[in-house]
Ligand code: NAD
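Have a look below at one chain only, the form predicted alone, in structure tokens format.
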């Protein structure tokens, strides 16, 4: 069993503590938070509270340090954790720039310790369902994927709505959806176009719309909105032999699979002020429609994998090279929005 200390006892830090308390591969050593009320909350939950971050770094009995703090202090805590001889898990986004992340990776290489980023949305069942359909080629090869998260409450009224600590939706939800998209389409990204929105917040983006073009010509749309009172589907995917539609992350994916391309006699449908055969819906003779079962998922496999990687039993599931690609895309998003143009890239 690996001994784990958590820096930060906010929403995500408390979540990590709760997960570790019921872990089959790790035990919780304790936590520390710079806010007194959060330290008191941890004590009330029966968790040991360290006197400082330095006290955690000095605890040689700890195998893993989890960094769950605002984004702007990740680098300092991660590097110090690695230098003090600990393996480190950092919450996403791991860094505010690629340069910051490179310094963290350098520190890991020098120390000989493991660094991992908690990209927990790789265990979301909606994403896993789409990934399974792509891998099976059940409806052929991918042409285009659209991925969206829509809400209507704006940005949370904490540090996430401020620029200095690393707020905004690209850094909050975008890091997840971009990571997922680069897992679904593993080709090189050659084009990035991003438009940020500022409906409820002028300091940071409260949403964005991102278009990616990949080396083979596949395309992807990634969108986060916090002022959408009717949400668009979580996933929509066009493939060579059909389409996939997934309403939200709790629902089954719906498949429409092409069985025959040609219809001898298409009945025209009334459309606005005229009739159309082109847009006439298909029938059961040429299209097979069905739902796919939701896949099983266990978020604690992240911890199991990292503990095994520390022991040299396996590779890290979330690779630092993959994390770096996501950061490169996010940097391109900010630049594309700033310049108001499409960027040609090689990511």
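Positions refer to the first chain, counted from 1. Predicted model only: the values in this text are computed from it and were never measured.
What comes next is about the form predicted together with the named molecule, which does not appear here.
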Options 40-48, 304-312, 62-70, 276-284; stretch whose heavy atom lies within 4.5 Å of the named molecule in the predicted bound form: 62-70
I need to confirm a contact call. Of 239, 133, 77, 220, which residue comes within 4.5 Å of the named molecule in the predicted bound form, counting heavy atoms only? 77
Does at least one non-hydrogen atom of residue 5 fall within 4.5 angstroms of the named molecule in the predicted bound form? no
With heavy atoms only and a cut-off of 4.5 Å, decide whether residue 55 touches the named molecule in the predicted bound form. no
With the partner left out of view, is residue 245 within 4.5 angstroms of the named molecule in the predicted bound form by any non-hydrogen atom? no
Is residue 34 part of the interface with the named molecule in the predicted bound form - any heavy atom within 4.5 Å? yes
Give a yes or no on whether every one of 12, 160 and 176 sits within 4.5 angstroms of the named molecule in the predicted bound form by heavy atom. yes
